[in-house]
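Below you'll find only one chain, the form predicted alone, shown as structure tokens.
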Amino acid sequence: MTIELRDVSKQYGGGSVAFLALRDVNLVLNEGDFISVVGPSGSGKTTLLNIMGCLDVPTTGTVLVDGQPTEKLGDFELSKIRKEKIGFVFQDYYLNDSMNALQNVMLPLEFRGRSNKKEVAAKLLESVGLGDKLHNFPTELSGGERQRVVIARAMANKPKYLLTDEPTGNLDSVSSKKILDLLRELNSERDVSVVIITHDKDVASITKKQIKIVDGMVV
């Protein structure tokens, strides 16, 4: 089980305003990997994550998810891959403020038509230490608690891959440690392959592998 990028480049715009965000990137995320991608702002880290997660498509090159080339797939097929295989954690949470924690985690289960979605969502929140916050709304939670709701939601469909973009960027040091410990636990105990996009060397130091990206190139 892998996500593989072969000679992937991504260009935005054209002509005199063309910007090459990624340049001939070759990268493999293997089963059980725990990887950080480090680099300065604007280096292409988020573009790389979006392409790995089939949220965006490369201008040139090939992305394979579990051996399946994705460049010729349509929106429906790419969405199916994301729903079934990939979980996402973003710095800005993207929780629905009109829903409580339980309802937010239930959302992806609704899309899959799971009959026991409330029970599954409750267990996921308990597993990230929020068993007593099921009915709290995002505005009633701390930043660290909101990020744990996001992780529980990302794990709802039992993804093989968890792609995280600056997951501790908005958190204090105590909350950051809890989130990183949780990601490490998901990797070691649930065999989820984890990628952490970060500019923080201390965050990167907890992962098994580190990849540096500068000006769109892996160096």
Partner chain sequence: MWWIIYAYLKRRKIRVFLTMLGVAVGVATLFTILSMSGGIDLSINQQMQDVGAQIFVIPFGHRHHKIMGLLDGEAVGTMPSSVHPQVKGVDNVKLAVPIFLKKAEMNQLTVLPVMGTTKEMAELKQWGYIEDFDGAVLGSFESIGRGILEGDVILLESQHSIELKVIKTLEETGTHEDHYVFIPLTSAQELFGEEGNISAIFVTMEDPEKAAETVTALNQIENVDAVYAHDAFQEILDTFSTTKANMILITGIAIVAGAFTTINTMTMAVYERKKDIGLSRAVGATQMDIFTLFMVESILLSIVACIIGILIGYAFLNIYPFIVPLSIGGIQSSPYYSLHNVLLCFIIAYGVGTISGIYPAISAARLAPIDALRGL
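Not measured: the values here are computed from a predicted model. Residue numbers count along the first chain shown, from 1.
Just so it is clear, the following notes concern the form predicted in complex with its partner chain, a form of the same protein that is not shown.
Remark: of stretches 64-72, 167-175, 181-189, 48-56, the one touching its partner chain in the predicted complex is 48-56 (heavy atom within 4.5 Å). Just one of 134, 141, 99, 120 comes within 4.5 Å of its partner chain in the predicted complex, counting any heavy atom, and that one is 99. Residues 19, 198 and 201 are none of them found to lie within 4.5 Å of its partner chain in the predicted complex, as judged by heavy atom distances. Of the heavy atoms in residue 127, none are within 4.5 Å of its partner chain in the predicted complex.
Heavy atoms of residue 146 never reach within 4.5 Å of its partner chain in the predicted complex, leaving it off the interface.
Heavy atoms closer than or equal to 4.5 Å to its partner chain in the predicted complex belong, across 147-170, to the residues 153, 157, ordered by sequence position.
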